[in-house]
Each structure stands twice: as structure tokens, then as C-alpha cells.
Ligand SMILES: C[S@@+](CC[C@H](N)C(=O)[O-])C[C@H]1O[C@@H](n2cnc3c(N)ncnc32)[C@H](O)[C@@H]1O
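We begin with a single chain expressed as C-alpha cells, specifically the form predicted alone.
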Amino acid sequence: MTPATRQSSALRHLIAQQIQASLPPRITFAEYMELALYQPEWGYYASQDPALGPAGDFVTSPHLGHDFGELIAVQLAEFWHCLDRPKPFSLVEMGAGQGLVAADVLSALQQNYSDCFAAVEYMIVEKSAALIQEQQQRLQPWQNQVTLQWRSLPEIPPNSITGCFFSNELVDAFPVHRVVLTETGLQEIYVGLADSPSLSEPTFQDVQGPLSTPKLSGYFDLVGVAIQPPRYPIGYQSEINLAALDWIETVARKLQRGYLLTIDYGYPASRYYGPSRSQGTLQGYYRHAHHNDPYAHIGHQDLTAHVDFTGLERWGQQCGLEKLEATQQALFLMALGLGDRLSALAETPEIDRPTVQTVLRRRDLLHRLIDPMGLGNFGVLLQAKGLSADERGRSLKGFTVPPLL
């Protein structure tokens, strides 16, 4: 048995024990997803395997070069100016992955916004011990030049942050509950044990039952959606991300004055819970392929669900966060200067074949960041707390749509 197989087997048995210890013998899908992704020894994000990037299961924006993080730095520096140049200027990156964005942000601030860089206090909120180790190695060059900290959200004191909380592809990996419309109304999809040909290797299956918490039906009240026939067909399935509401409430408590910048793939509730999206958005990612089986490759595949941005906006508002702006990643990055970078590439002299190949490859990577069928269609949501009327009314560069090239 390979180490990877042993890891998956151990995680399967742990999940099976959790199910057997419950009455009735089932756990919510959110509990299952939490174990599959974040269990400290065998979960997907605890693995030492190259799960992220070209050698792993999926590629995110920072894997396409330094541009994404450098352009984010442009917006963060403007936030600093809008907040009247606070010191410290706290940047809290949540779910920093391999530390690529952090390295590119710090490098860009140091080179282009030295006054802002001197004020920066950079915190990373990360669950995975393996990723924390990789982040610390990557950020070693800045250890003695800026305050770097790794903290959990509970460790950050209330009303202590003046600056910006931000994330890229974080909320989509929060554990979700699954629900299904039945003849008797909305029910929850739990995880139970399936009949297994081998008692040594437990397998899992969907099990329907009553909602585990009234928060699930309350969520649809929050976002203004009623999943009922005849508009919705019997068998209609979707997800509810209660963890995202807990997260945004926690962030709101920690933020005294400043911004929350969330970049992720998703929709407003009217589209997320559209009747035609009858099987929800839950996906497994394994070796750059996506599929619909959440019980495959346990511990070795990513599980994600799209983000309901309406839920983030409305619950954030109830927690004291005001929605300032919302746009798409393509427009956000173009406004911050990605178009200028494309123009500069077009003017590069064609000196020799290697130069041409380098320019073409870099242009392709920049276009992937703004591809309307991919990363460019990601949502960018900006919320704020504690701003004056003047600060709330300022035009922010990343949310100023540039003219088309």
C-alpha cells in the first residue's frame, strides 16, 4: 500500500467512525467536507503532495505569473492612501495557498510604494501546516523588513485591524451543506455509509433527512429565494454555505476600519439558485479534471462550490460591512493596469525567436487572467467598515472600468 493509499484509507475510516458515532448514523455534508479537506493529518490541504499549481490539481491566478499579485498591490496601496496612511497598515490574507500572492504583493509594495511598505503589517490566516511551512520559506526575504505573522482568525482581537482583509479563491473551499427539494419540501443531503464489498474500506453515499438546522431555511430568506414547486422541479439540489456567513461575521468583528476584498468564482443568489441549475455547483478537482463525485479520491481531491455573493453582501451588511463595489476580475485587473502590460508587450522589439516566444507566452498568461470564460469571470466584492462619508465616496482604481483596448 502506497503512502497516498494509506492516507486515503485512514481518512475513510475516520469519516466512517464519525458516521457510526452519530444517531442516526450520518453526518452533514459540511462535516464530511471539513474532514476531507482540512483534517490535520490526512485532509487534502494537509497533504504534502503538490496539490496546487501546474503539477497539482488546479491552477489559480497567482500561478500564472507575478502580475496578479502585483496588480492587487496597486489596489492595496490605494486603500492605504484612502485610509489616510495608517501605521500599522494591516494586510490580512486569508487562505494564502503557497504564499505566491503574499510574495508578489510585498515585492511590488517594496519596489513601487515604499512608504506604504514601511507601514505594512502582513498577517496570514491559514489552516494547513504544510502550506504555512511553504509560505514561511517563500516569504523569508521579507522576514526582517516587514512584520510577518501567521495567526488564526480567533487569535486576532476584535476591532484591531485597520487595513484590509483579502482572499483569492477561499470561500469556494468552505464546507457546504447540501439540500434537495422533495415531495414533502426541502430536505438535507447527509453522508452515510454505503454497503461495501470490503469491510476494510468503507464507502459513502447520499442520505436524505430533515434539515440539520433552521439556519438552512433561514438562509433562503436572507437571499430572497424560495425553492418551491412548480418553479423548481422535485429533485432540485443545491448548496448552502453557512460557513461563509460565520466567516464574514468574524471578519467584521475583527475589522475596525478598512476593507474586505473577496475574489472568487460565483454568482448572485438569483443565478446561483436558478431553477435550471438543478444539480448545484459542487465539484471535485483531481489532476486538472473536474467531476461530480465528492466521494472519489478522498483526501486527494479538492472539493469546491461556487460562492453566493448575495449571501456575503446581505449578511455582511447585517454585521456592519457596507458593500462598496462589485465587479469581475477581468475589469478589476484591467483597471489596475493589466491593459498597460499588454500594450507594453505589443511594443516589444522582435529581436530573436526566444524573445518572441517569451512575449507570446507572457501575453497568453495575461489573457488567461481576464478570460471571460474562466478566471476573468470571477467576482470581485469590496466591503468596508468604519469609513467616513468622504472615504466611502472615493473612486477606487480597481473599480473604474477602463476603455476597451
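Residues carry their position along the shown sequence, with the first being 1. In this text the structure is predicted, and so the values were computed from the model without any measurement.
Here the subject shifts to the form predicted together with the ligand, a form of this protein not shown in this document.
Asker: Spot the stretch among 249-257, 185-193, 172-180, 267-275 with residues whose non-hydrogen atoms come within 4.5 Å of the ligand in the model of the complex.
Answerer: Contact-bearing stretch, as computed: 172-180.
Asker: Is residue 45 a contact residue for the ligand in the model of the complex, using a 4.5 Å heavy atom cut-off?
Answerer: Heavy-atom contact with the ligand at 4.5 Å: present for residue 45.
Asker: Is residue 294 near the ligand? Define near as a heavy atom within 4.5 Å, in the model of the complex.
Answerer: No.
Asker: When the contact criterion is heavy atoms within 4.5 Å, does residue 125 count as touching the ligand in the model of the complex?
Answerer: Contact with the ligand, yes.
Asker: Does any heavy atom of residue 96 come within 4.5 Å of a heavy atom of the ligand in the model of the complex?
Answerer: The answer is yes: residue 96 has a heavy atom within 4.5 Å of the ligand.
Asker: With the ligand left out of view, choose which of 245, 139, 131, 83 has a non-hydrogen atom within 4.5 angstroms of it in the model of the complex.
Answerer: Flagged contact: 131.
Asker: Taking 4.5 Å between heavy atoms as the contact cutoff, choose which of 241, 238, 75, 168 touches the ligand in the model of the complex.
Answerer: Answer to the contact question: 168.
Asker: Counting only heavy atoms, which residues in 214-241 are within 4.5 Å of the ligand in the model of the complex?
Answerer: Sequence-ordered list is empty.
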